[in-house]
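Consider the single chain below, provided in structure tokens and representing the form predicted on its own.
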């Protein structure tokens, strides 16, 4: 066995203790693996040699189109060449590995040099797939995959002064290619053979919305368009279709998808996946010892991942395994969060079309098209075309397979979000509309604005917005948002509020639903000693004016909350007193009426009073639980407390007039 002598041998590598690790492929997955190996052991455990076919180190292929908007080739590099030298990685760019001998543990490069390895990682990536269309090899037809491809496209456009173009492919790659060609100033037509754009990720409705948004940007889109041939027609290219009239353009980009680079493994006898790709298990081991595969070339139990995020997770797993840790790659889902031609497109978790038993919930609004995929009541997938403010919450919910309750489904259909607030996320990640201070109605967005204006401490935020100045249960949230140490918040009178509020609701329901208390049927009936409360005019006046006094007294709580000169005393005890007075009033109503709602004006007064009591009690219960709950429940009560408070206020508005009418009618008649 002969071994090539490298022109740039690594310096100071301990040949006895280090293992020879050869990585074939110079793309993002290979770079990710190197980076993780360096982070794990500072590169001292392996003698790493990396072979890449392109004449440059790994670069950000996802943002390739940024070269058309001012970025340079160096801007796209994930690490400069000096980084590889610094970490003693033998970087071999512009070098292709042509043969693999797994028995001898040797690879051969395109110069004929052989390189032995202890462990080999195949990260050969993928190549652009060109459909079997006649004429794709002639001048003016390009693929879109590498920096070299992009430079060739740009050069051709400048040389021929091209004005029109066609992109074959309406998937992720095709839309990205359309953006590139549009940035060069050409009129663009996207040709997709499927009935909609992004057929792998979006259903028909989502694809329709995306198509409309792309067309609004001045890009022509033709779906179910089967290209038959491309022929030269003067200085132009003519695309002939099976099902439409020909289209003449100046340049054609083929961006119909990718295929795994598995020819090296195939020639070496390694097992391949059912649809190509190098077959690996979840430990990323191929069918031969000491050979692994990661990235777009790997078929993990038959599934090929074409996005960078799972490729990086493969790098995580393989780096851990190379250091003897029991990691496995468990990703089966691919998520997409991209701006395609400026249109945000998001798919999370399981694809909508891949679930046979799932339930799809849809929202269509001005902001875009959104769908949630539910299986057994839990969120397993989501898709969106257009901006989605709550995408962080949705992403986490899909990852955790959180349950979506019926009320949340209704809310999602109606508003586009299933949540009234955060789902246990740190407050920094709460959506803008989430209520933080329910007393003062302060939202997360208002606090964010205060922070941007320089109010960055919890007291400063409180002073600027009023959040935390009432009951104080949200002060911990302000501290969390400001990065300060939160202290436990003890709310005075909270237990009294809770007990009184529960009693108010119960008594209110009794008055609303129970029959009137019967009167004594004879003068000998001992019950006459009790029912005199509802027969004696003087006693009724006493109970009535007592209720009126309580009513006025309870008003002082609202004044304490809203009038600055009434800011004395502890707010918690004020609220507890308000709740207790409300309970006394509910009981006083029974003493005054005997649960007789009356007729006409008296009925209106009684019904309004009972509803006022019940709603006020519910508001008190939610306020008592605000600082005792977390996650979904906490956000639920924080969102509902202001609503209940406003309902309480609305029910109070007619009360003075109804009371005045009631008192006047009693004395008048």
Ligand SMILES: Cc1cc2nc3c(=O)[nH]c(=O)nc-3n(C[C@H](O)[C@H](O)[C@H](O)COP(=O)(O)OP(=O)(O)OC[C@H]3O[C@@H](n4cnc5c(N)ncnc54)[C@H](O)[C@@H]3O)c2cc1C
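Given the structure is predicted, the values throughout are model-derived calculations rather than measurements. Positions refer to the first chain, counted from 1.
As for the form predicted together with the named molecule, it is not shown, yet the points below apply to it.
With respect to the named molecule in the predicted complex, the three residues 188, 219 and 228 uniformly fall beyond 4.5 angstroms at the level of their nearest heavy atom. Between 90-98, 406-414, 320-328, 357-365, the stretch whose residues reach within 4.5 angstroms of the named molecule in the predicted complex through a non-hydrogen atom is 90-98. Comment: the named molecule is not present in this chain, but in the predicted complex one of 213, 350, 261, 402 has a heavy atom within 4.5 Å of it, namely 261.
For the residues 595, 152, 539, 338, the 4.5 Å heavy atom test against the named molecule in the predicted complex is passed only by 338. Under a 4.5 angstroms non-hydrogen atom cutoff, the named molecule in the predicted complex lacks residue 250 among its neighbouring residues. Remark: residue 117 does not count among the residues lining the named molecule in the predicted complex, judged by a heavy atom distance of 4.5 Å or less. Although the partner is absent here, residue 601 is not a contact residue: none of its heavy atoms lies within 4.5 angstroms of the named molecule in the predicted complex.
At the 4.5 Å threshold, heavy atoms of residue 610 stay clear of the named molecule in the predicted complex, well away from it. Shown without its partner, the chain has 173, 176 in segment 173-209 as residues with a non-hydrogen atom within 4.5 angstroms of the named molecule in the predicted complex.
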